[in-house]
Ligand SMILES: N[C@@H](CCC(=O)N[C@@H](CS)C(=O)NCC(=O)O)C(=O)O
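Just one chain is shown here, as structure tokens, and it is the form predicted alone.
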């Protein structure tokens, strides 16, 4: 499998999932400025909307959208317990968290990367994020991971919290969140993914 990625972008989440799964994979970096890959491929030919992540499967099929990709990866290695079994309430809890992260955290953080978004809008987004971070802080104050045991949702949250650090969004009032970030960062597979993206 080949993962198309941008260092530190949301493609880090499936990268972590691949490393945690112990699967064979290759990486191909995409340049956001030119939308070409390091091999010279037009990335719009890979994903027509030009966004990472994109996972090229062995048969040439392309899978996009992080929450779908990480579940696909987890289901390839059920013995790793990166996602609960399909059809269980626990699996729906995983999907609940993945949807929460993508719609309530990811989408609120993305505008902070644009200089065109007015400061007033960013202030409103920070107020929205505060409630969501408080919820995460409450959950992670009760157990180490979102589903108690590490899952692909934790790799996604780790990625998003890394954005907060880059964007200088203060998380000091959420001690369980900062402890979680350090806990996930220490995992060998996460260290591997970070090294492979040149982030450490």
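Since the model is a prediction, treat every value here as computed from it, not as a measurement. Residue numbers count along the first chain shown, from 1.
Not pictured, yet referred to below: the form predicted in complex with the ligand.
- For a residue to qualify, one of its non-hydrogen atoms must sit within 4.5 Å of the ligand in the model of the complex; all three of 9, 32 and 106 qualify.
- Figure note: of the listed segments 144-152, 170-178, 130-138, 65-73, the one touching the ligand in the model of the complex, with heavy atoms no more than 4.5 Å away, is 65-73.
- Residue in contact with the ligand in the model of the complex (any heavy atom within 4.5 Å), chosen from 164, 27, 51, 46: 51.
- Although the partner is absent here, residue 102 is a contact residue: one of its heavy atoms lies within 4.5 angstroms of the ligand in the model of the complex.
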